[in-house]
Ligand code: ASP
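Take a look at this single chain, the form predicted alone, given in structure tokens.
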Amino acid sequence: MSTPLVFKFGGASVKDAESVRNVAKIIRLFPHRPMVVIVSAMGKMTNAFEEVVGHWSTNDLALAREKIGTIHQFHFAIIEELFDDPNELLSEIQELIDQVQYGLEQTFLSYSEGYDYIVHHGELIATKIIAAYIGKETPTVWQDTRLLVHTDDQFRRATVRWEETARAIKSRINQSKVNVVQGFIGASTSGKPTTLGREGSDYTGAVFAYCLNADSLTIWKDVPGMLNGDPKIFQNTRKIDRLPFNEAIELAFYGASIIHPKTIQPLKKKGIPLHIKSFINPTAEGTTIGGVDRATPEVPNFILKKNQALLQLKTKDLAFIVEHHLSAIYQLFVDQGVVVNLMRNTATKAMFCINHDPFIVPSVLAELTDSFDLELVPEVELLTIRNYQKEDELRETKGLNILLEQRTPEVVQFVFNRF
């Protein structure tokens, strides 16, 4: 197999008809084949499908169907703008919408399995549209990632089964065409759809690059490369030109939104560089991760996680929090899919900054309440500064109500709410 190009386009890069045209234009800049193009759900459609899941989980099927209708109209409008004769494509999209409607009837599924069944259709619909549009001028094939990425059955956070995945990808990728595949999704041994975790399309890109021994992976973003903070949140951000794998892994671990936490490890293992480039200015240099020992330039990095909750637990008999308590708590978190972003324990109290999932957290609290006295502080945020200076810390925490602070020589973190 010749070395393929592996590109990943996120939701912002395919948010409307003009964005789809731009993706096709970028692909035409790279006539080398084969090419694998990983695509996320369009625009904010993952959020929209998550709303469907929310209504399904509370048995409010009328609102769920109303939201599905909105989703259908969103995609229908894009198709109408892109194609002169879209009937065949509209039929394919209708079939996928019908599958989502069918999912509403599966009331016996767990929340996580139902989530994966419903939400993964966002990627299927997006790739059908994009493959059809690219195929108007470039030889293209739509591939079903559920047949390519094999996983376990841990819904919403599935683990890739690498050997089976590598065999499937190598055998199915078309050497002479652009292969359009879905990010974020896979399938279990029994064939049930799974997802790799929120924002998991970057990780899908790394899986394909690894299995195909690609020369590189390119992720196309709406920023000029990797910045040292989200420019929508932090002022005077700077572009990082080069970054070592290990530093990228650290930043992803702490929640840098531009990289999915699992993305870097498979690339590092095979020394495959990751390019982060702008789909607005595709010929600009961007950022390259890998192949260097130090970042260029060396700057502090700022990461803010919103929609967090601070969970504090004490034993009911005021005994010390010890290993068997923590083991039981973490096992529950694993079973329920709780994401812990910061943890600290004292003699009598354990504190966890967690993603405030509106469906998972209440059920976890219900299970913990028999053994622990609980305090949940909602609507908090988590600020992480890596490679910080004192002035960075003072500037970014001014006016914040700090609830929990944790630091190492390289990293300082603050859980806070705003006055």
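Everything numeric here is computed off the predicted structure, so don't read it as measured data. Just count from 1 along the sequence shown to find any residue number.
One more form of this protein should be noted, the form predicted together with this ligand, which is absent from this view; the next part is about it.
- With the partner omitted here, the residue from R198, R161, R146, K349 that has a non-hydrogen atom within 4.5 angstroms of this ligand in the model of the complex is R198.
- Looking at 361 to 369, 62 to 70, 41 to 49, 387 to 395, the stretch with residues near this ligand in the model of the complex, meaning non-hydrogen atoms within 4.5 angstroms, turns out to be 41 to 49.
- Interface membership of F184, defined by any non-hydrogen atom within 4.5 Å of this ligand in the model of the complex, is confirmed.
- Contact check for D116: every heavy atom lies farther than 4.5 Å from this ligand in the model of the complex.
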